[in-house]
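Only one chain is given next, in structure tokens, and it is the form predicted alone.
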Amino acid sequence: MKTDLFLTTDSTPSHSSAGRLLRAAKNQPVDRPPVWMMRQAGRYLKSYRDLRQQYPSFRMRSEIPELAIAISLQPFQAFHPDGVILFSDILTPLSALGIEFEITESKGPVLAHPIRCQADLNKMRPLHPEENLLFIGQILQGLCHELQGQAAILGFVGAPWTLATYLVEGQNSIHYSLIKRMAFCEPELLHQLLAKLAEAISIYALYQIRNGAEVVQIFDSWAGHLNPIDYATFVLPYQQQIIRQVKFIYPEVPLILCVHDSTALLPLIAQSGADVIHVDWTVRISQARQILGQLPVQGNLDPCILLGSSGLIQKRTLEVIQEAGIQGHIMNLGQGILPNTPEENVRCFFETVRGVRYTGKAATETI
């Protein structure tokens, strides 16, 4: 272990959990990397599975404020991460746009009426979250009340391209052939859809911030299935629109951009305007930092590492921290935690990160 980068003791002064995450997102010095975990609340937790037995509908669990607050807090109560993320789904605002959907454990999201033509698109309504998404505001306000600054509160939204994949495909997809066909055969129609979604998601993100979100993560999960030319055409401008509109009103609130399978797209992702770029495990985080320059990064442990031994979890977690450097890094998984991950392995991950202390010196060796 390279001890001039970090010490596995608690001998140095520490920042508060909420402050630590916000400082790292703004590229400010911290005592150790803040840590939270994507899909932090969910099926790997016995407490969540028990609650799911009582409330089998995902939308019920995520749209009843008391339930969503309790679920959001389950991993905080178990592992004390530096950030607590709203328990919800990227598709949640679709119902407020007049688009009905359901989420099942076996199939995932399913839309009754996908958008395939101009007439379908014309049925979309403007977003008024104070009227149609009041429960999201109540959940965030409840988290503020419960946490009292013990952890940063993260909101999140889906980016236009990723939401459009569900709207056009109607469900999860492997090849995204329907939306790509629209992109290549009816690009004007797709641009109309993406523009409407960008406007709605900007409003939704602002609503989350007004109600207590201190950081907002933008998920463009499926944009990594595009080549750089199509990403620059159908993804980047709409990411930039959302970030520009949110930053105009809340310049101090960090925005994290997460694109799965993003290695080849990192130079374009760097142009989004996001404060922090999430990095998956398909690239070494030190290499990603060379591409992204001074931008803070988040990630990038392979979620499958948490299926291994405690020794492996410690080793590989510290390797990521070592490579990321002492500033502008939020420790996280490269993607969401797997449902079959043992809780004791999650605890090992969090405890390993909490045991780190930066010394303020640059790393000169590898672990």
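The numbering used is simple: start at 1 and walk along the sequence shown. Note that this is a predicted model, so its numbers are computed, not measured.
Beyond the structure shown, there is the form predicted in complex with a small molecule, which is absent from this document and is the topic of what follows.
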item	value
Partner-proximal stretch of 138 to 146, 87 to 95, 121 to 129, 179 to 187 relative to the small molecule in the predicted bound form, 4.5 angstroms, heavy atom	87 to 95
Single option in 38, 70, 64, 51 placed near the small molecule in the predicted bound form, where near means a heavy atom within 4.5 Å	38
Answer option from 240, 221, 286, 263, heavy atom within 4.5 Å of the small molecule in the predicted bound form	221
Touches the small molecule in the predicted bound form: residue 42 (any heavy atom, 4.5 Å)	yes
Partner contact for residue 231 in the predicted bound form: the small molecule, 4.5 angstroms, heavy atom	no
Residue 267: touches the small molecule in the predicted bound form, heavy atom cutoff 4.5 angstroms	no
Residue contact check: residue 76 to the small molecule in the predicted bound form, 4.5 Å heavy atom	no
Candidate spot 58, 156 and 172, all three touching the small molecule in the predicted bound form (heavy atom, 4.5 Å)	yes
